[in-house]
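Consider the single chain below, provided in structure tokens and representing the form predicted alone.
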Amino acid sequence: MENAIFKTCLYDSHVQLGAKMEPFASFLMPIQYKGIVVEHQAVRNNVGIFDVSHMGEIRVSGPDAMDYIDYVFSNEIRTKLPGQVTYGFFPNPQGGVVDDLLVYKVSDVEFFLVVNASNIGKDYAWLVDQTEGFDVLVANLSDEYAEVAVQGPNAQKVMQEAFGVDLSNLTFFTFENIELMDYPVLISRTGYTGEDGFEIYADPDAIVALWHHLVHNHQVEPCGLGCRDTLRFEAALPLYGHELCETISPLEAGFSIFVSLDKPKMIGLDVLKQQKEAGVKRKIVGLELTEKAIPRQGYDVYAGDELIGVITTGYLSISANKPLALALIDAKYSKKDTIVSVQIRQKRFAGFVRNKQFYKKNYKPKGESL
């Protein structure tokens, strides 16, 4: 249904909590509850919970599942063990990005893919189109799953207290199938905030029960998509449609670490190899303004009087209290400390190129316990 607006299983819970609801990727989603700054700080300093049930889930299974994923997915998957999660991209033939996603390796013949909400239909159709010559089944399970993300430095402590489970052996980018409150769930140590945390997939009834238990019985701060964006931005995590898209390659975005160029066969491989060898002509960089102004997505970036690029995401950073941005600019101006300016309405505001690490990520290292 074109232009239809859907509700997640937690919609009534959000309304009861007084959330500001707005359409996002065809879903009515909570943007904020108490406020973006309060929720942002809760995740940075304690723990927060997000409804991310709008995300898409796709299963790929069959005898050729490994070869197929290797062909459509940018990152190396063959040496990963069952229970590992891998981040990467669906490259298109031009080297751009159909979507960025997580691949959960269930086994050599089954993979669980988590894709962006705005791209579910596009991704599923695209994956089906690539199945020729592969003995695989691609199934869109998005309607069967809901999801919450529990994020923050106290995420493990709160989860263990709330559900009586030991999560200390669940290391970064791994997952398990367990039971919480007698509900079967898939839980992974992943997230989109730059903090430690977990993402939990289950059927809608289970997710409603888990959300209610954490929010009402353990005072976990409900957080909206507003602070989800400020948190991921500070950690320099890309947002599809901003730092990545059909015409921005993973190499231009600075994510070559998630692209395996030594595969014998992959969509877009030749283009990406050529781009790597020749060097990219434009790059996603970090910018910091030295004047009081907020750089927003879509604002033009200049070096002197030359237009060199555009802001992809920008904020007055909550954690750093500085006007910061990610921008796609001409690579010859990407050197650190290069002086630039950003056009904001009728005036240009001065700034400079800096690293993209606006905030030091606080993931749980392998083997570290509380």
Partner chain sequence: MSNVKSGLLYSKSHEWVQVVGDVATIGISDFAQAELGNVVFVDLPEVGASLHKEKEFGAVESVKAASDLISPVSGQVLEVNAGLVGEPELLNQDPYTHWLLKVKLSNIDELSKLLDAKSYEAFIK
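Positions refer to the first chain, counted from 1. Nothing here was measured: the structure is a model prediction, and the numbers come from that model.
Separately, the form predicted in complex with its partner chain exists; it is not shown, and the next lines address it.
Q: Picking from 65-73, 335-343, 49-57, 34-42, which part of the chain touches its partner chain in the model of the complex when contact means heavy atoms within 4.5 Å?
A: Only one stretch qualifies here: 34-42.
Q: Check each of Tyr183, Tyr192, Tyr299, Trp126 and return the one that places a heavy atom within 4.5 angstroms of its partner chain in the model of the complex.
A: Of Tyr183, Tyr192, Tyr299, Trp126, the residue with a heavy atom within 4.5 Å of its partner chain in the model of the complex is Tyr299.
Q: In the model of the complex, which of the listed residues (Ala331, Ala303, Leu28, Leu316) lies with a heavy atom within 4.5 Å of its partner chain?
A: Spelling it out, the residue with a heavy atom inside the cut-off is Leu316.
Q: Whether Thr230 contacts its partner chain in the model of the complex should be assessed with a 4.5 Å heavy atom distance threshold; does it?
A: Residue-level check for Thr230: yes, a contact with its partner chain.
Q: Any chance Val158 has a heavy atom within 4.5 Å of its partner chain in the model of the complex?
A: Flag for Val158 set to no.
Q: Does Ile294 make contact with its partner chain in the model of the complex, using a 4.5 Å heavy atom cut-off?
A: Close contact exists here: in the model of the complex, Ile294 approaches its partner chain to within 4.5 Å, heavy atoms only.
Q: Would you classify Arg354 as touching its partner chain in the model of the complex, given a 4.5 Å non-hydrogen atom cut-off?
A: Taking the distances in the model of the complex, the answer for Arg354 is no, it never comes within 4.5 Å of its partner chain.
Q: Do any residues of 6-27 have a non-hydrogen atom within 4.5 angstroms of its partner chain in the model of the complex? If so, which ones, in sequence order?
A: Going through 6-27 in order - heavy atoms within 4.5 Å of its partner chain in the model of the complex - the hits are Lys20, Glu22.
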